[in-house]
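This document opens with one chain alone, in structure tokens, the form predicted on its own.
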């Protein structure tokens, strides 16, 4: 499992981890029942605190993405991923609406806003 930590990102490390694992689950890279690395192993691989990794796993468990079995580890939970995806799409729509409103306040045209979004997406792919 490849997780990339960006130290220059304003997002806390535990959120970066949780979001990347969520993305793997939603994309089908991780399937229900798949075992995740132990908290200690992931912390060691990422060279971060066990506390940070535990917080990421706790967040994922609270949101229903993981289930933890004492002594056995953490596993991708059985979940209706369509409902999860739908919730995330609603969240994305809300963020896009906020971006649209901010762009309007800045006097940006639709094309300027799309160009900015394209740059952000291309930067992320590098």
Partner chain sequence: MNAIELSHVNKAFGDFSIQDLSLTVPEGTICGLIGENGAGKSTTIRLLMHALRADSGNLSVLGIDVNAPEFLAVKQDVGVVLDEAYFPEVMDAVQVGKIMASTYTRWDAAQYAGFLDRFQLPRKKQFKDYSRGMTMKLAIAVALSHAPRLLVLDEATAGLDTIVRNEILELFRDFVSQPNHSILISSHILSDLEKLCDYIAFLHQGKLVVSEEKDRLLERYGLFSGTAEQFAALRAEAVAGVEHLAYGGVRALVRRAAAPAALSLEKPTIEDIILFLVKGEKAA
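Numbering follows the first chain given and starts at 1. Note that the structure is a prediction, hence the values are computed from the model and not measured.
What comes next is about the form predicted together with the partner chain, which does not appear here.
Taken together, the three residues 7, 10 and 44 all lie with some non-hydrogen atom within 4.5 angstroms of the partner chain in the model of the complex. The partner chain is not drawn, but in the model of the complex it has no heavy atom within 4.5 Å of residue 85.
With a 4.5 Å cutoff on heavy atoms, residue 68 does not count as touching the partner chain in the model of the complex; it lies far away. Contact check for residue 40: a non-hydrogen atom falls within 4.5 Å of the partner chain in the model of the complex. In the model of the complex, residue 96 stays away from the partner chain, with no heavy atom inside 4.5 Å.
Of the residues given (51, 89, 62, 35), 51 alone sits with a heavy atom within 4.5 Å of the partner chain in the model of the complex.
Proximity to the partner chain in the model of the complex, taken as heavy atoms within 4.5 Å, picks out 52-60 from the listed stretches 52-60, 96-104, 25-33, 69-77.
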